[in-house]
Each structure stands twice: as structure tokens, then as C-alpha cells.
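Read the single chain below, which is given as C-alpha cells and is the form predicted alone.
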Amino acid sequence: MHAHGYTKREIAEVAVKNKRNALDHPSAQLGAEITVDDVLNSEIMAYPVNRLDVSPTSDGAGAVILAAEHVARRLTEKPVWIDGVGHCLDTAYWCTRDLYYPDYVEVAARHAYEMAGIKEPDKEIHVAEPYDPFTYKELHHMEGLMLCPRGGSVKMLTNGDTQRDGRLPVSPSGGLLGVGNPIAAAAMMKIIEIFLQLREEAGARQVPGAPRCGVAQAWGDLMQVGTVVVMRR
């Protein structure tokens, strides 16, 4: 908000989008039709964060099966490939960091994109599941993933680009804000959602256009751990 002039009203749009998306998710705990005013009028937890800006923690579990390429091709006609993986552990000393930008995500993303051969993530990524335990973190992590320029995430949001039927759908599952936040299992939830989207098996929450490349991202510890996985079909 200080660096780019984002407003609480703009940031609240993330909760509106993700909770609406979650209405189509069979495992969602927090799907709802809400308004920006609902978010702004909910209890303040720690200014400027209100209750509906936050995904409460919950229990959850997820699992994926990995196979060698020759095995995967034998088992299915539409495998999904893990093309790039990156991680970064930044310093936990907040006094030495500018918290307005998630360097830990950008470093991890650059490793994953280099491995996957991605040069222009904002054009080559078709669907994204960034870590969104708070409304502002989805915007924060979109910028760290280089899906938009620094300071450009709110414009993408308000233009409708991040809607399920937008130019680059973000959190079509409903994200943590809409599905729930099982903490350590949350990153797996993101990977599973990209898998389903790329196989066009996401049901009512399927993004249009037969996406071929997606990115899942997680965040943790003392606001300094970033992990990024690029997947393709």
C-alpha cells in the first residue's frame, strides 16, 4: 500500500474473487458470495488486515504420484510433467529486508522458469495458483512470480485478468482464502489444482482455453521461504 498506492478496497477484491471461485470446489470450507464492503466491514485483526482478508487455518491432506517418463506414458495418455522447480530461503531478519516485495519468490521462480525454459512468464503461464493465506499475499506473490510488473498486480485484478475466465486465471480453485488453509498441505493443494486444470478435469472450476502450462507457489516460515513448481501437459 505504501510503495504502490494500493487501497484496502482494491486488495479486498482478492477475497471476493477467491471465495466466489471456491463455491465450485467440492472440498472448499470458505466458499461464499461476498462484497468488498463485507471485507472492509469485517473485524480488524491487525491493521490493515480484516478478518475476511485472512484464511483461517484448517486440517487437510493431499497426495500426488510421481513416475518416470516411460512409466507415465505407459499409464496415461495425458500425463502432466513437472518441468521446473525452484526454492529460496531468504533471511529471517526483517530489519534488513524491504517487505514490500517478495524476493524469496522471485529467486525461486527464476530457478523454476530457467529449468522449464520459460522466458516470459506473463505470456507463457496459462493458470496460476500462488499462495494466498491473506488477500495481499496473492498480489504480492503474483509480482514475485513475475506474472506482472512490480506494482502491477492490482491492475491485473481490477481489469478482470485474474478471474477464472480472464487472461491469466489466478487461484481458480478458490485458493486458501476460499478452500481453507491446511498449512503444510497447502502447497500440495496448489500442485493438485494445476494438475487438474492442465488435464481439463477441474469440473465447474475449469479455466477455459485448454491451458498447457501452470505454476504453483508456496510460502512459509518467517515470511522468507519461497517454493515454485512449473507444470506442463
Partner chain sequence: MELIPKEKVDGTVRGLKRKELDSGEVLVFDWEPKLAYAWDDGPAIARYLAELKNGRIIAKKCNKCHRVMIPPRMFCELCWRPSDDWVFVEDTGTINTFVISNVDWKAGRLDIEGGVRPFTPAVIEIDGASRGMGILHLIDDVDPQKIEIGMRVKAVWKPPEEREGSITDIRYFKPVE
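Numbering follows the first chain given and starts at 1. Model, not experiment: these values are computed from the prediction.
Absent from the display: the form predicted in complex with its partner chain. The rest refers to it.
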> Is R97 close enough to its partner chain in the predicted bound form to count, meaning some heavy atom within 4.5 Å?
Replying inline: yes
>> Under a 4.5 Å heavy atom criterion, is A184 part of the interface with its partner chain in the predicted bound form?
In response: no
> Can A68 be called a contact residue for its partner chain in the predicted bound form at 4.5 Å between heavy atoms?
Replying inline: no
> Quick one: is D37 in contact with its partner chain in the predicted bound form, heavy atoms, 4.5 Å cut-off?
Replying inline: no
> Picking from 196 to 204, 41 to 49, 57 to 65, 165 to 173, which part of the chain touches its partner chain in the predicted bound form when contact means heavy atoms within 4.5 Å?
Replying inline: 41 to 49
>> Can you list, in sequence order, the residues from 78 to 93 that come within 4.5 Å of its partner chain in the predicted bound form, counting heavy atoms only?
In response: T91, Y93
